[in-house]
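Read on for two forms of one protein chain; each stands alone as structure tokens, with the labels structure 1 and structure 2.
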Structure 1
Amino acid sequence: MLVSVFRGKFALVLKLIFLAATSAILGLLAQHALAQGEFAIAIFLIFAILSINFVYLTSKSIPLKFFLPGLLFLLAFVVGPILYTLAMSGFQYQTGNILSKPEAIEQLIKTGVAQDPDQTIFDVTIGKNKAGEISILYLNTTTNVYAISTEKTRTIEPASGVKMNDFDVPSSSPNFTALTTDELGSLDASIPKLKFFYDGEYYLGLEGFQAASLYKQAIRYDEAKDQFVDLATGDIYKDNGRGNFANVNNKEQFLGSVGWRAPIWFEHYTKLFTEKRLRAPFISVFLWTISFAGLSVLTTFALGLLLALALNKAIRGRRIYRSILILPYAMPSVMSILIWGGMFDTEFGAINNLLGTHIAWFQNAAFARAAVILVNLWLGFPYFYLVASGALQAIPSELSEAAAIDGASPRQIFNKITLPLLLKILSPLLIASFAYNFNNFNLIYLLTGGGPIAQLDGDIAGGTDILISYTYKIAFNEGNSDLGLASAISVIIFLLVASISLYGLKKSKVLEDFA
């Protein structure tokens, strides 16, 4: 009876309506994306529309009907960013080298101006002259005459005809009509770029709508040679291939304050292994990441298993114990981590209070590491308690009964039968837990922030920094962020985690099940 829903006219119409609506929405978005010049996104959306219609209107591939939506999401939000990260890792992409090259050149030209020595600035009104050209009316305070400047000309305006506004700024004259605020607003895209004629050497550049100051160009860009010339000194600045224009006579001297992201291919990867400044922290962070993830799995699993064994018998109050023991797992972890952070406080923290100590937990690497492991134990043991309990029940009791009949002690039974079986059952989860903790960003970031850092010794990584928090720090560091290097480390982390997991899965023979 229900089967009819999946066959026949009604089903077809329903499907068509759904498809048409989806196509329409995506089409609309694609159209808007095109209008805004977002071609990559538009192409993806069009691809999505075509593939959706093709897959659901033909019967070429049944499996695709099931995983197309998931696949599209994966492409957009996982595969796309991975490729983007991969690309970023090949660029000099850091503070000072963020823009694209054309943007950087534009910015250099725009800021490559010099004010006159007196730093002259006039109050101006923007308007149109008799000929309808955009111009400014101002009192030249150095010569005390009124003038109208357009881009090409400057004419003196007799003082008699000039009217002043409430702020004593000339606002109109026989040859000049001020623009209304609406007109000004609509011209805002072009007005700031205008250069009004002053004396040939200097021009008047607008500072907002009410003032203009004297500028001259201080550097010149030679497009054919792709180089800048400093007009005052004659120095030449050439593209140094690493995202800056450098003085040809002094390679260390860059032009202006901006550079661009330039391709440097695999330099970040090689630098990580050849430069001691980068290699040493990378290796120590890597080692701690492994120990942190390993210890976390070990402690949470050990405590979880112990509890599972203890409560694997109908003792009194088992349900209550169980409910209490899984509370840490049920509680939103962001909040519990922050609370633990407060508990480890040196002055007020409950931990010091309870122990009667005065330990600066997060200022000492060893203590901070212990704290991180302890908090992770609190967060993680209920999970292993739950899965180990489940696994214990899944182990056929005949095995241990048979062994008991054969005279094995409970300890022997556990060591020889229960534990190996448990490990076999739980190994994928142990590996998954290791991979999870390997990238347990929230815990480190919210608890210690990766600290403490021995800054005096020039360290850039903190005592509890794991690779992912270290990378985050490099990417979003105050003052010195290096997205290129961070991306390269991201790629390495990805490869590491992937190989650990693949190795683990191979061991546990999950991959064989694929076929």
Structure 2
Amino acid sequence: MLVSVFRGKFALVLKLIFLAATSAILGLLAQHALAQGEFAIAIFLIFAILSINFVYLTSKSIPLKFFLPGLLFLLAFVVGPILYTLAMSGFQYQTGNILSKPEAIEQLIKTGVAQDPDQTIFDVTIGKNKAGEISILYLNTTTNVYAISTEKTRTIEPASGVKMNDFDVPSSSPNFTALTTDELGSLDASIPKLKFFYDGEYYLGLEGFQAASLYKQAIRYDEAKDQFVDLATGDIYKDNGRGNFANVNNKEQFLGSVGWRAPIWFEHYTKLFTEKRLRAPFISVFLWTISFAGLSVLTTFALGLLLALALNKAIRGRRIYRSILILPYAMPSVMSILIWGGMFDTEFGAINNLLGTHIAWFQNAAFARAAVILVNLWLGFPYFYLVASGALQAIPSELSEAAAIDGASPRQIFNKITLPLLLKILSPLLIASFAYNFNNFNLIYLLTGGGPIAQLDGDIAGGTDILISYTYKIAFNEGNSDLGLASAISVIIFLLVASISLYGLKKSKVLEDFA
């Protein structure tokens, strides 16, 4: 009965409804993506709509009906981010170079203004003139003249017709009507963009709803020549090809603090190996990352295997011991790391109190690295205990028995039979564990924050930073985040982990079993 529900006309109707709903949702998302200028996302969503309807409305490829959802998610959340990271690694993409070029030019024009020397401020009322244009009504206290200014004109208003509010600010006149509170609320977002004519040189810029200051444009953009001119000094600023307008007479002098994302191709990669300020910490962090990942796999596997061997024999209370051993694996890792962080505290930590020492664990690179390895051992050994226990059960006992009959000692049986077979079985898991620890961001970030670090010397990399935490600091540094350089390091991390993993799989010959 249940099987018949998923067949025939009823099943076809359900499928059509599901496809229609899915297509409608994806189509709506594609429309929003196009409206936001995210063309790559829109193209992918349109491709997904066409693929889903083609695969599930035809019988051209039966296997794709099962693989298509996974393939789409793979493209969206694996291939897409990798390609985007690769693309961004070739851009000048850092603090001050976040916007697109048109947006940067708009920002430079907007901020390239100077207030009048007297820093004049007028009390104003925002409203509309008789033509319905947005205007301001104000009193020039220097000349005692009332005026109405729009974006392009300024007209004198007779004092006899101007009415004042309770704060002695002109609020209305025969040619001017103040905006209501609701109308002012709708203007809130555009207030910084509004400019009102004052004279040939200055304009009035709003400072909220009730005041305006005199400004003049300090720079001028020449669209035909794609350059800015400093109106005070006459200096010319041109596109330097790296995301900034630079002074033609001084290439190191940029116009303002706003730039744009500009392609610099492989410069980030070459910087990592040619500039000492980047090369030295990068190499140091890379070596520690390899050491950390290798030691983490070695220690957790060794302890897990040792406990698995010990509990592989029938002993009293074995179930209780097994339950206790997997407790660190059952607890949330965040909680465990934070607890360990408190235990390593210099003044009040349990470890120093138990040992009778006063070690500043997180102030010395050697001690901090030892603490990181120890905490990771605590977090990781239950996993290898579980998989090693299962793997030991899969090894035929006849092999050990035959070796013992032939006179092999327990150590020889372990070295020649048990361990090689375990490594054969667990090689993919060991490689996966290495890749995980190579990018074990949570442990480093929560336990040491990558420290100790000499911030006063301008260092970014700390004594326990691994490549992923070092990349995070570069990408989200409060002083100067460099997303382009961080993307380049991310690409290198991806290539390293992929290469090491593929090499490990090849040497272990695991993939040959699936050929």
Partner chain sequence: MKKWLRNNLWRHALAISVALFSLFPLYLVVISSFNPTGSLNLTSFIPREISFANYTLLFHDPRIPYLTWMKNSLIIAGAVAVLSVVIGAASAFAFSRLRFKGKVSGLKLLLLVQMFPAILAISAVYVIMERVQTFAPGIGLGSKPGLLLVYLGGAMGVNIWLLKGFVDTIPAELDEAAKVDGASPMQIYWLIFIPLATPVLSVVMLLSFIGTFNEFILARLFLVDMPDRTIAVGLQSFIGGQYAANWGPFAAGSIIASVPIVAIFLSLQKYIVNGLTAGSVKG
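The term rigid core refers to the maximal set of C-alpha atoms that superpose within 1.5 Å between the two forms. Every residue number counts along structure 1's sequence, beginning with 1. None of these values were measured; they are calculated from a predicted model.
Peer 1: Between the first and the second structure, which is the form predicted in complex with the partner chain?
Peer 2: Answer to the question: structure 1 is the form predicted in complex with the partner chain, whereas structure 2 comes from elsewhere.
Peer 1: Rigid core fitted, then: does residue 41 show a CA shift of 2 angstroms or greater between structures 1 and 2?
Peer 2: Passes the 2 Å threshold, so yes.
Peer 1: After core superposition, I'd like to know whether residue 152 moves between structures 1 and 2 (criterion: C-alpha shift of 2 angstroms or more).
Peer 2: The answer is yes; the displacement is at least 2 Å.
Peer 1: Is residue 195 one of the residues whose Cα moves 2 Å or more between structures 1 and 2, with the core superposed?
Peer 2: The answer is yes, as the C-alpha of residue 195 shifts between structures 1 and 2 by 2 Å or more after core alignment.
Peer 1: Relative to the superposed core, what is the Cα shift for residue 26 between structures 1 and 2, in Å?
Peer 2: With the cores aligned, its C-alpha sits 2.6 Å away.
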